[in-house]
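To begin, one chain is listed below as structure tokens, in the form predicted on its own.
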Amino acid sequence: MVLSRSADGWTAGTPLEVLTDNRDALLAVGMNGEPLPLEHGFPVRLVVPGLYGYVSATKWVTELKVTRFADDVGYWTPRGWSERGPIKTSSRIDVPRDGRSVPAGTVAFGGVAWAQHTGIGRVELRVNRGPWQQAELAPGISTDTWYQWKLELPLTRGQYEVQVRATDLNGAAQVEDSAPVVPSGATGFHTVRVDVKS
């Protein structure tokens, strides 16, 4: 791994293989044509697509050390987090928000999905655990960015549970079983409850 250290002493252990594959990992020294702002990690910040920030996004980098996971640990690893931190395929519903009331008729749902370093192939919604319905997916800027999606559903008066799931470009669907953020990233289908008024 590469152990990166920041000016404040924070460390992250990043797998060496993700720094040498084709995912465009970088040491950022600028942003939008200007020197990197202090709040974003000036003078240099590590950026590695496809990994959670606790193993890939060291700000204010002062040292990079090639080592082994058996010999060194990043800040979060001894605190119960996984060593490698690959981001899991996931999706969320941004509108309407959970618990909101909406008028009956056509209800527009929208949100984002991500499968970093792979890309999103499909996003689907289901209402009250019924059949999955495919959403319209906006083109991604790259396989490492979030993809926006939308789906309009005709809903009459009542209460509805709406869930979303994403499938990556390799055909692997996001994990349905719920798991907490620690140790290696949350899983499960994002769910909102919507009250449709007549």
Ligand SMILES: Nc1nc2c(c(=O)[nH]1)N[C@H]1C(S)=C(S)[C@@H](COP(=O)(O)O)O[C@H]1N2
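Residue numbers run from 1 along the displayed sequence. Since the model is a prediction, treat every value here as computed from it, not as a measurement.
There is another form of the same protein, the form predicted together with the named molecule; it is not shown, and what comes next is about it.
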Exactly one of Y160, Y54, F42, W132 comes within 4.5 Å of the named molecule in the predicted bound form through a heavy atom, and that residue is Y54
If you check in the predicted bound form, is K59 within 4.5 Å of the named molecule, heavy atoms only?
yes
Of 6 to 14, 184 to 192, 171 to 179, 20 to 28, the segment with heavy atoms within 4.5 Å of the named molecule in the predicted bound form is residues 6 to 14
Looking in the predicted bound form, the residues of 133 to 160 with a heavy atom no more than 4.5 Å from the named molecule, listed in order, are none
